[in-house]
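The chain that follows stands alone, in the form predicted on its own, written as structure tokens.
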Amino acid sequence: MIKEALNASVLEGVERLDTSVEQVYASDLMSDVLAFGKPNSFLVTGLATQQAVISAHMAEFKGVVFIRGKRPKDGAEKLSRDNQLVLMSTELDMYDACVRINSATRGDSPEPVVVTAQEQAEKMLLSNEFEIQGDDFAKAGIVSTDIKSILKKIGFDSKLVRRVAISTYEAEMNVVMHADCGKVILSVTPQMIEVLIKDQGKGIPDVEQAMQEGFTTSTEEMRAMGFGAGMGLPNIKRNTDEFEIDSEVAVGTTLRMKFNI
């Protein structure tokens, strides 16, 4: 088990230590986790913040272990408890943790819950609206977490929910980092999930350039939180079936994301 391999202390989720894990992903860049991490994995990171837990939740990970004895102090433990994630801390550094985990035993992922088409059709018609406040990193990711919970309760396929959650989370973080405020509208029909995010802020001068992987205008502070690596908009495009972006400098940006059911 990962706990024994790392001699880790459990911060949250001791009752879930027997959860099967397929892979372990080590990174301090949360956009990379969202882009390349696979479901039923475990995150090893030195980013001891709420954002690491939210990123793990969006990517359908089973838990997070913080290296070098780090422990989050911003509500990460409650988020882990609410979303059934295991949270641990180890004194090891990233390299030693990865070496030890490499030999840990990994089990099979649990069978997905099967929901009939009739059950989905009866439950999935809804429209919800959420607000995002720019520069409020303490609450960043909460809207995406709520949307993911709503879709899981409806009974959508876990892979579809994961794509919606990752896309919404990336878009939400862009609003927090680059806009004054934003509005999120979740619309669900029997054929499609649509997430519309409209913000008020400085806008994007060159959308084509902003869509290139690696391009970023983020500050060092944003990078220190694991974001701003220039993967946000490319991640959204990768996970959506239809993606539209419209931006006006000094006015704001509108993202329309569609996911086929």
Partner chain sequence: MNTKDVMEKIGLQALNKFEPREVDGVFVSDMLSDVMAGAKSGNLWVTVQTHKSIVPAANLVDVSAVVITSGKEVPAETIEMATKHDIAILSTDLPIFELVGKLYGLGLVSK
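Numbering follows the first chain given and starts at 1. What you are looking at is a predicted structure, and each value in this text was computed from that prediction instead of being measured.
We do not show the form predicted in complex with the partner chain, though everything after this point is about it.
Per the 4.5 Å heavy atom criterion, the partner chain in the model of the complex is contacted by stretch 87-95, the sole one of 87-95, 179-187, 132-140, 165-173. The three residues A8, V65 and L79 each lack any heavy atom within 4.5 Å of the partner chain in the model of the complex. Contact check for L29: a non-hydrogen atom falls within 4.5 Å of the partner chain in the model of the complex. Contact annotation: L233 falls outside 4.5 Å of the partner chain in the model of the complex, judged by heavy atom distances. In the model of the complex, no heavy atom of I193 sits within 4.5 Å of the partner chain. Shown alone here, V24 lies within 4.5 Å of the partner chain in the model of the complex, counting heavy atoms only. Between the C-alpha atoms of S41 and R238, a gap widened by no less than 3 Å is obtained in the model of the complex, as opposed to the form on display.
CA of V33 to CA of F156: closer by 3 Å or more in the model of the complex than in the shown form.
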